[in-house]
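As a starting point, one isolated chain is supplied in structure tokens, in the form predicted on its own.
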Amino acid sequence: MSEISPEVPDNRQDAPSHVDPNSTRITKPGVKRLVLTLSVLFSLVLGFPFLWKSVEIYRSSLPFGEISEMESNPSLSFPCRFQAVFINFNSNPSPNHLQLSILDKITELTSNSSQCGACANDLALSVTVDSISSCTQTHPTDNSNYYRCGAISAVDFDFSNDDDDGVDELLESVLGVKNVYSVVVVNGGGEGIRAVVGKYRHAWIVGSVEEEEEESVLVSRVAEIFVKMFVNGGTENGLIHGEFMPVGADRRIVLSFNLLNAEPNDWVYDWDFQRVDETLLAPIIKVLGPIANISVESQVLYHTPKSSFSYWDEKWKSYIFSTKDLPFFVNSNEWHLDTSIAAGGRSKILQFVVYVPSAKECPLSLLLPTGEISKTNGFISPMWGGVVVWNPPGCLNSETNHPSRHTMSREDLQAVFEVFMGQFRQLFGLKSNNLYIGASGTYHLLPSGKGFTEWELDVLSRQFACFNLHSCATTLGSLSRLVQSLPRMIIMDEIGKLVQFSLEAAKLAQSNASLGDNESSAVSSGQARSLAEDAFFHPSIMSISYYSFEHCFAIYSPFFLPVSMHVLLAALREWKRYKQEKAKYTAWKAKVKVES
């Protein structure tokens, strides 16, 4: 039988029997449950900023304003300083009149030109008429950099002979001022007018001038030399577009020279490339230093037949391939040329190939569209390089039963590399011959032993600097728009530093250009472009898994969303219950007060 425990007395005051618990409460409602619920809710709310901070993406600040300013105006202002010296003119023409005539002609020649790197916006011209009896000249801003009266005399300088190199050196000793381009016009020297452009920064025109019509011809020639030669680089429409200049984004060029023996069973040829590198290539690499860092490599390959066909021509006593066959000449399947380990990243490789044909197609000659045989027996492929077909001496009478090894003679090697030098100049958009035919006449161009004359290097530096600055502005602008369109993309400090250094190099290039320092401007602009490319192609930017807001929401919402909803609903429910209980208690107190 179970034991019945005694009842415990209830000390609480019994509620009156007439109180309705659904509408009246006689005790004050507690706040413990409300405080606990709100504490959980406030803890969740206060912890959200810490959570957001913990998943925040680090973004280095980029100078978007400077980038936008650079992209809107990526121009370079190159100053051009010209001077024309007229010697031994009996009529003593007015230098001011000649200056205005030459400037009008220059304006006419540059009116339709929008070439990158031109200097039509900052041009100064000094004209001097130095005759036997007097010397008059216009007044340039800086007299120290221009011609001094009496420095040149037609007696001291024999312009009538064929020693153009000697005259060029003598003029350099008198007119050798950097960034000042000079044209000397000499009245005399026989019939006709002869114009020569030297390998420095001057040219001379020799001819008998007696009438005003001939003086106007001289004015046209002087202006044409200034614009077509010293500004445009000797090409009719200016240089090739900068995007086709064979220089890598990192300012590096690798010259790969290849000697290809098509059929080693017939003969095998080798070459002394080290001597060529030291004597012919070293000066070229040095003078092009401000534009590109050039490295050289060579190789000898065997069993490298061409892809095109040739046929025997009895007229030329040679096997013939025409210009229509050039696209198929390079055999990419057999010519393993791209073996360079020096070229990495964004460097540019230029291939120069000496093709030694087999005995069954030797001699092999290139037939031009004019019906003549090519004198160089070679061709170029823009942005790729050049090919020269070299026929071994006496190949028609060669016996192929016992193949032998040979070495190219020094004379043959010299001739081949002279062709390569012309092809290399063509790849940069310059002329490969020494003759320029303009609207006002014919001009003889003196070649330089370094491969490029000083005025040609100035043109290349200006155009290269201009293209680099445009490329830098375009790259930085693309990077800026990409970063702003993806707010959750990681931007490392290294990228910010690369962008800042690129902008500083670009500003330095603009400053150097305004001072007329073409070489420094080319170097600075190349650095600006290279740094901009490094920033745009940074590995962290190339990653496609950037931390987007959608990605963050998809990761954390399955956990935080249900918890947050439960806590929020519990807090609302507890707040609603507390308000209802407090209203009951308030109603009961009011009722008791009325009854009392």
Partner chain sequence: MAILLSRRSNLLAVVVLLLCQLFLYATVSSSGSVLKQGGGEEFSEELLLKPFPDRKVLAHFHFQSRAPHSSSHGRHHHLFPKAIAQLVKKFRVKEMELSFTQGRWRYEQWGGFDPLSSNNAKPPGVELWAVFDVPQSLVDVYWRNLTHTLSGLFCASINFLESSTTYSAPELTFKPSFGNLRYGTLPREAVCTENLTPWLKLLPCRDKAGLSALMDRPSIYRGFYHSQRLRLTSSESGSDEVDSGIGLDQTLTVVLQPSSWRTGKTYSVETNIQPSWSISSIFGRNIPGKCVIAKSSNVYLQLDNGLVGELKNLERENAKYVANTFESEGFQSNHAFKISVTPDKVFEEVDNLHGKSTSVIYGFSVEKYSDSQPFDLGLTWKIPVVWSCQQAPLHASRFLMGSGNERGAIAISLEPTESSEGLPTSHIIDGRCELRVDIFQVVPWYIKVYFHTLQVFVDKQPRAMADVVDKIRVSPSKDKVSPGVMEMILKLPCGSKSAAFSLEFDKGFLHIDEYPPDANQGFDIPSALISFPSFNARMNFSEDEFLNNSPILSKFQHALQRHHHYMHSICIVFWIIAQCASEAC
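Residue numbers count along the first chain shown, from 1. What you see is a predicted model; the values in this text were computed from it and never measured.
What follows is about the form predicted together with its partner chain, which we do not show.
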Any non-hydrogen atom of Pro447 within 4.5 angstroms of its partner chain in the model of the complex: yes
Pro264, heavy atom within 4.5 angstroms of its partner chain in the model of the complex: yes
Touches its partner chain in the model of the complex: Lys286 (any heavy atom, 4.5 Å): no
Distance check, Val296 to its partner chain in the model of the complex, heavy atom within 4.5 Å: yes
Contact assignment for its partner chain in the model of the complex, among Ile106, Leu457, Ile380, Ile491, heavy atom within 4.5 Å: Ile380
Contact assignment for its partner chain in the model of the complex, among Ser126, Gln423, Ser480, Ser310, heavy atom within 4.5 Å: Gln423
Candidate site His97, Arg194 and Met229: all three near its partner chain in the model of the complex by heavy atom within 4.5 Å: no
Stretch in contact, per heavy atom within 4.5 angstroms of its partner chain in the model of the complex, of 271-279, 507-515, 352-360, 67-75: 271-279
Any residue of 314-329 that, in the model of the complex, places a heavy atom within 4.5 Å of its partner chain: Thr323, Leu326, Pro327, Phe328
